[in-house]
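Shown next as structure tokens: one chain only, the form predicted alone.
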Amino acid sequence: MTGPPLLSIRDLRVDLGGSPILRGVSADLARGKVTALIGLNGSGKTTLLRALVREYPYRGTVRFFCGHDHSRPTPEHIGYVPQRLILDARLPLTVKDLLALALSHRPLFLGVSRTTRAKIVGLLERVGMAGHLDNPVEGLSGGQLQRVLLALALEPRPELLLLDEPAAGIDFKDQQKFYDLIADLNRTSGVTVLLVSHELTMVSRHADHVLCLRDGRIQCEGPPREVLTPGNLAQTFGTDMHVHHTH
């Protein structure tokens, strides 16, 4: 790794319901790179991301070197896309409404200001969803909804994107497009990405670095070509490896 990392994690430990979930995770995220986090369900991947955004209490050290001038470490410039968003179908929100709720400081019933609308259009253009501005959120496909959530995560201009299986439940063709979009954002804006994924084909194609998590610990890490070997995958996924075959 050249230069300081964007994020440094040391001996991160999380207990939930009296049970240890993360048992001493240490890792560095290289600035401007895509790091993939792989492992079995229940290995602690989502817990790690939620600890990083302070949804879960933790022990250990997490140091962010964010801040657009790079002078003061701060976790402010972080975008987070959860695994799924549960919306109340009784709320007839359009895509514009959903983004306006997050971006505007005034009540939605007063309408969306011209400035906020312009910002929303700009964000949707970045994720290929500008044509869906007035579409109902409940009518979006899984892939379209994830693109909208990604648009939300891109404000205000994050240096770090945390993506928790962002393509889960999307058909394979749209998965490819979504991962290509992430790679393009990384390439064009330099945003650092930490991505949880079961799609090893996508990880191999797009990640610069891979972290293998098992039972709350990092089992192995390195470039995809060195980490995604039969031996390491067996160590990471164990006897359930057949569940994780790529398409």
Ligand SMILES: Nc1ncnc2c1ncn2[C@@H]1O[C@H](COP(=O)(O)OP(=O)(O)O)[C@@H](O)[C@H]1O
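This one's a predicted model, so the numbers in the text were calculated from it and none came from an experiment. Residues carry their position along the shown sequence, with the first being 1.
The next section is about a form of this same protein that is not shown, the form predicted in complex with this ligand.
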Output flag, G17, L40 and Y56 jointly within 4.5 Å of this ligand in the model of the complex, heavy atom basis: yes
Name the stretch, out of 203-211, 40-48, 183-191, 57-65, where some heavy atom lies within 4.5 Å of this ligand in the model of the complex. 40-48
None of S104, Q176, T94, Q83 but one has a heavy atom within 4.5 Å of this ligand in the model of the complex; the exception is Q83
Quick one: is V25 in contact with this ligand in the model of the complex, heavy atoms, 4.5 Å cut-off? no
Any chance I21 has a heavy atom within 4.5 Å of this ligand in the model of the complex? yes
